[in-house]
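A single chain, nothing else alongside it, follows as structure tokens in the form predicted alone.
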Amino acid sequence: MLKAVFPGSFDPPTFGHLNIIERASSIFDEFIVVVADNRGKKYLFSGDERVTLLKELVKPWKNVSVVYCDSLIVGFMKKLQVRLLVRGVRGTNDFAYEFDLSMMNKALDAGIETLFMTTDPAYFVLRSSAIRELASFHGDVSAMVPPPVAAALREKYR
């Protein structure tokens, strides 16, 4: 059984994230979306809120699950008995950052492999931070995030 994890903060989940999830779900027997809690980040949505949103969004894919992680991803992957980590990249800046992370993960656990998936061109410019900023000014984010996420953003910035 081919299993992989897709870790991220998903604050908020975007159409770009869903595009990676949809494409990866057709490749892997089991695809686990890992909502990560990075202690160095300040989140708009709590871990529970991000998990709840994602669980709703991934319902179309029966082989996709969502879990929460507040520890190092390599240790979490070991517990799940998963060796493959999927990362979405939009461009060279993303790749450079993700490559460095993959080297750190490999140093922590030589059995971890990272697969980079390029974004669909339609989602090239989607950044969660930019979406949060636009939503904070009550801008229209409906082309960037699914309706439940847009509603949650409106509620946060009401």
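Since this is a predicted model, take the numbers as computed values, not measurements. Numbering starts at 1 and follows the sequence shown.
Form predicted together with a small molecule: not shown, discussed below.
Shown alone here, Gly16 lies within 4.5 Å of the small molecule in the predicted bound form, counting heavy atoms only. Using a 4.5 angstroms limit between non-hydrogen atoms, Ser25 is distant from the small molecule in the predicted bound form.
Contact between Ile20 and the small molecule in the predicted bound form is found at the 4.5 Å heavy atom cutoff. Contact check for Phe45: every heavy atom lies farther than 4.5 Å from the small molecule in the predicted bound form. Between the options Cys69, Val58, Ile32, Leu126, the residue in contact with the small molecule in the predicted bound form by a heavy atom within 4.5 angstroms is Leu126.
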